[in-house]
Ligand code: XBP
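We begin with a single chain expressed as structure tokens, specifically the form predicted alone.
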Amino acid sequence: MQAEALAFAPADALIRRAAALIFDVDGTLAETEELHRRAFNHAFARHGLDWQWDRVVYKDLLRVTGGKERMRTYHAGLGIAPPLSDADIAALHRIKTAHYAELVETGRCPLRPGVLELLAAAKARGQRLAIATTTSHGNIEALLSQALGTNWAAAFDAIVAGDDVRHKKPAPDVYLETLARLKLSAADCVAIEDSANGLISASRAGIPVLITRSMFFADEDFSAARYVLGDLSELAA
């Protein structure tokens, strides 16, 4: 145990000296992607589509950030014309988002190990907290109101979602907007991510990145991250 503590001491030091911690949501705070996959399939069935995204298909589609963008990419790959209309995509996404919230409310998606402890420790140290994610505000609300309580948003100084910026990850927009709202420089912050797209996004904004490996992205290339952990409980080792 002592050797493990020494091994993760540099990662802990990176976290402790930051003025703000900026969290991704899906895969980072909780293993949400499997519930998202099920919710997409539910929406397809409700809409009369014979699409079925298994885990292999969904893992590949996760390279495309944003649920609406994911559906457009999948449909384009089928080679079926004409493309789904914006109205169809929006309707599918509404059904999917509502069903995702229902799944989260059943308690099937707790926060990942170490997340609550890190949030509490950061607040105790006087650090600021922020969210920079590709997912929607509705999805953030569904997850964190269940996990942290109805007043969860008060703990965060900035909450920036995919629809708040022009370009989603791996573009740096969501992190640049978060820095602007925090009024902090990139070097004063640490981004906590779980995917290569998130790593690229934060790195392009100049923010050092700590990776916590998740179910769908565990085998991606994280060589550009400052540190890579299995989960955030390792910070307390």
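This one's a predicted model, so the numbers in the text were calculated from it and none came from an experiment. Start at 1 with the first residue shown and count on from there.
There is also a form predicted together with the ligand; it is not shown, and the following applies to it.
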Are any of the heavy atoms in residue 136 no more than 4.5 Å from a heavy atom of the ligand in the predicted complex?
-> yes
Is residue 44 close to the ligand in the predicted complex, meaning a heavy atom pair under 4.5 Å apart or at it?
-> no
Hey, in the predicted complex, is residue 112 touching the ligand, heavy atoms inside 4.5 Å?
-> no
Do residue 38 and the ligand share at least one heavy atom pair within 4.5 Å in the predicted complex?
-> no
Partner-proximal stretch of 44-52, 182-190, 202-210, 62-70 relative to the ligand in the predicted complex, 4.5 angstroms, heavy atom | 62-70
Report the residue, out of 93, 128, 75, 99, that has at least one non-hydrogen atom within 4.5 angstroms of the ligand in the predicted complex.
-> 93
Within 11-46, which residues come within 4.5 Å of the ligand in the predicted complex, counting heavy atoms only?
-> 24, 25, 26, 33, 36, 40
